[in-house]
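One chain is shown next in structure tokens, namely the form predicted on its own.
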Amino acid sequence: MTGLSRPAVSLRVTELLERGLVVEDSEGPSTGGRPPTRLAFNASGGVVLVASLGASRAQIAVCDLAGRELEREGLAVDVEEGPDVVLPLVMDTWAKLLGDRPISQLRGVGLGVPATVEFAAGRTESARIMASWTGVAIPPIIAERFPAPVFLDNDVNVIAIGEHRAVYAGEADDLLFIKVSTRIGSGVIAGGEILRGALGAAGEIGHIPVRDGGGVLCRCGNIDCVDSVASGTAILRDLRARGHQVETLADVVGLVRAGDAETMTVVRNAARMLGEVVASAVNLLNPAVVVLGGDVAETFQPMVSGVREVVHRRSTALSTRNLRIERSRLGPGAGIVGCAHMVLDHILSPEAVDSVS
């Protein structure tokens, strides 16, 4: 089937067996003579360390070579405290989750951060947001403690990868993931692959301005970005301005469930403004599915319904003919899955395997 000689196949299989990437699984049916030996991918032949950081929370895990979660822990963080504070917390958690596993089993490390990332260079480029991280080359810092290939990407990119691989692979190869939480961001899957753009800045949907935003100053320095008027932070700010004593989104949930009219108005207005931006993205990218995730989208069905209504009203007929707009099915676990596959796509590629053989 391969066109390769028996000795060539035997050599490659032997290399993979020696590296622990393949194991002899069982004997196959005999066609006369000695039964053949079946081979299987060895998912337990190593581990990868992954962490998906949000603005205030992190999901940290150890996964096997199939991307399955072996150990996981949530951690409260404040990314604005900078890499000198946050990275040691993450690395200490990895060390704890590794337990007694030898460091020789470590094959790679993946990290998602809530900032623009220059993927090839492994550093963040966000002058106003996470300013203390800007220009810091993160992979060498991590590799000094965990000697393995280290990969860094935007948090919503890795969530988009996770949602696509776990839920939509083989079903929808063009996907737009929108994270609506403390902040708003997006990840674009085009032709089955994450779209990073020329330098890694693709997907910054949160900093597209909206109409009738009220002149709100965004943390990026511009006015009326959708992040500043429709995020969880914006919803809390607007409700406080109306006299509601809300500290967290859980308080907003309580008001929604109680049928508070003002709260529903604020949430629906946020959905309208987000929907306008998503409609433009749908016209530009023509995805098969738009997935809404993050605390706000996963908590408020009116947000999802409002975005769906605006998108179908303002996008072209062809781009919405078969478009699905759905809530995330993975929730907080999507970032872990995405980070794992970001690493595995590199360390298990033919080029990476050949470079070690």
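In this text, rigid core is short for the largest set of C-alphas that superpose within 1.5 Å between two forms. Note that this is a predicted model, so its numbers are computed, not measured. In case it trips you up, residue 1 is the first one in the sequence shown, and so on.
One more form of this protein, predicted in complex with another copy of the chain, exists but is not displayed; see below.
Asker: Let me test this: is every residue among A190, A202 and N286 within 4.5 Å of another copy of the chain in the predicted complex, going by heavy atom positions?
Answerer: The answer is yes: all three residues contact the partner (heavy atom, 4.5 Å cut-off).
Asker: Indicate whether another copy of the chain has at least one heavy atom within 4.5 Å of a heavy atom of R68 in the predicted complex.
Answerer: No - in the predicted complex, heavy atoms of R68 and another copy of the chain never come within 4.5 Å of each other.
Asker: Counting only non-hydrogen atoms and a 4.5 angstroms cut-off, does R268 reach another copy of the chain in the predicted complex?
Answerer: Looking in the predicted complex, residue contacts with another copy of the chain do not include R268, since no heavy atom lies within 4.5 Å.
Asker: Indicate whether another copy of the chain has at least one heavy atom within 4.5 Å of a heavy atom of R211 in the predicted complex.
Answerer: Flag for R211 set to yes.
Asker: Does any part of D260 reach within 4.5 Å of another copy of the chain in the predicted complex? Heavy atoms only, please.
Answerer: Because no heavy atom of D260 falls inside 4.5 Å of another copy of the chain in the predicted complex, the answer is no.
Asker: Report the stretch among 142 to 150, 194 to 202, 83 to 91, 103 to 111 that approaches another copy of the chain in the predicted complex to within 4.5 Å, counting heavy atoms only.
Answerer: Stretch with heavy atoms near the partner: 194 to 202.
Asker: In the predicted complex, which of the listed residues (R72, R219, R237, H207) lies with a heavy atom within 4.5 Å of another copy of the chain?
Answerer: The residue from R72, R219, R237, H207 that makes the contact is H207.
Asker: Within 4.5 Å of another copy of the chain in the predicted complex, which residues of 160 to 174 have a heavy atom? Give them in sequence order, or say none.
Answerer: Heavy-atom contacts within 4.5 Å come from D174 alone.
Asker: For L284, is the C-alpha shift between this form and the one not shown 2 Å or more after core superposition?
Answerer: No, shifts by less than 2 Å.
Asker: Examine R196 after superposing the rigid core and state whether its CA is displaced by 2 Å or more between this form and the one not shown.
Answerer: Stays below the 2 Å threshold, so no.
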